[in-house]
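Single chain ahead, by itself, as structure tokens, in the form predicted on its own.
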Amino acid sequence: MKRILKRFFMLIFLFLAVGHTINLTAVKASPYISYNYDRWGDAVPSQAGYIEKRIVSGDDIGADSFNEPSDIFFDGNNFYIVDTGNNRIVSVDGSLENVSAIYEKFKMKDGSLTTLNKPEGIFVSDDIIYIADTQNSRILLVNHDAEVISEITKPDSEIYDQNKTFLPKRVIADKAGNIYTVLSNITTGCAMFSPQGEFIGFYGANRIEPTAEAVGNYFRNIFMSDKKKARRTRQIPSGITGFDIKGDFIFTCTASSSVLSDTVKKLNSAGKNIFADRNVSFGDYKLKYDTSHYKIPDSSICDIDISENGNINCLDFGTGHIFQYDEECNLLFIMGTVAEQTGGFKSPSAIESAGENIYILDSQKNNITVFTETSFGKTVHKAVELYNTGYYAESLDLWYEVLRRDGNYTYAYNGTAFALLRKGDYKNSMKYSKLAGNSQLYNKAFEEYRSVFLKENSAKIFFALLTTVIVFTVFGKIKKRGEQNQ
């Protein structure tokens, strides 16, 4: 019997040891530690919402090696990869397994053929492929048979600086067919064109940060002569580096770490930034010293993607990090880094999402890294979806599950507190609001708790006050009689 028990415990020990080894191997395989930020803004370890799944190269899909690819787009069926160094567009099926088409030559309306020259951007909508053909200084609109529908070149307009070369870097189109392009040498916003290719103007320019130097220069300019003003260096806004479109809104990002208010913008049709009045910061709160490269990396949001469920995915070129936010700008997950291993990048250039996956294009590694949603990520996304659509009670059990698996996940404390508030459990809502560091939500829960307490105990409170008044009145009369008798 003792021998059987000994073998049994040995098997359990070996099972746990092997499981622990496998777990350590999985952790070591990733070049970064998953983290998030607590209510004080400090980085803390956190459960991974996504994990690196695989790497896909041009050779893997039968298209030969990529050469400095710069953009990727998914149209619901196929991926389109801008293979910049090879002057081509590669279309791949939705599973990133096989090439659907390779676009290298295009037929113009007069029957002649044209080729691309260092293209950098792509967008596909309504069977039209929009290509930012950068070094050819044009935007091509082509069909899937590689026939050119139209060509947009430098605007002949007073609004556009004619001394500037037309260098489209990114391109998108809205539901009305209007075309927007990010220009690598223009900082006054995206150039906007009508469906017929007519230049409309610039859209969504970033603001100049109101620094002490900028304010000082403004007042100095009031008293300067025209000659001195001409010699002064003008302050210009930071240019847009990437954008995406979702419904009636265009989302933009900028790579400048000094432009805090316009790092990520949500623009309506009038060009107004919906995020302007929100106290939200995108990217890392505090940049850490990189021991592998012996420096503090520069934050540089180079591309943005809006997923099917409205989540905002931001790609940081400087740190290699991917930041995911929900549609209300709450930070959900951070992944990726600068590294040689799978899950790390050398020169991340573009981000795209499809279903439960996020795809990162690397222009130096010449490949695509596929990140897939973890079970923890699924739980968070489901809770957020219910929460943001007003199903607070239904999201409560999911928030509890999130906190059970990750006690550092601040957003879950907020979600739990608000769900409890809507449920009427004000006491516990106060508890979770305090853990979340959300004073505004705590005050709201406290007001409701106080109101309910007074309502439920009004009779008792009235009786207690009445009793107190009677006792003090009687005591006063007795004391007065005693003084009179003396």
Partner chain sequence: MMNLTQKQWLKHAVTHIFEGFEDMRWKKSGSLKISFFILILFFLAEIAHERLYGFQFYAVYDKTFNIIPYFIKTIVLFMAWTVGNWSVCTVLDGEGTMKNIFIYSAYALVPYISQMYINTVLSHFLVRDEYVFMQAIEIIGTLWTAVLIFSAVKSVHQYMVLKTFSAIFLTVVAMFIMLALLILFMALVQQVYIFISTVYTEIIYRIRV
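Positions refer to the first chain, counted from 1. Quick caveat, the model's predicted, so the values are computed rather than measured.
From this point on, the text means the form predicted together with its partner chain, which you will not see here.
Of the residues given (R39, K427, R422, R54), R39 alone sits with a heavy atom within 4.5 Å of its partner chain in the predicted complex.
Partner contacts here mean any heavy atom within 4.5 Å of its partner chain in the predicted complex, and among 414 to 422, 447 to 455, 65 to 73, 45 to 53 they occur only in 447 to 455. At the 4.5 Å threshold, heavy atoms of Y32 stay clear of its partner chain in the predicted complex, well away from it. Residues from 420 to 451 that approach its partner chain in the predicted complex with a non-hydrogen atom closer than or equal to 4.5 Å are S433, K434, G437, N438, S439, Q440, Y442, N443, F446, E447, R450, in the order they occur in the chain.
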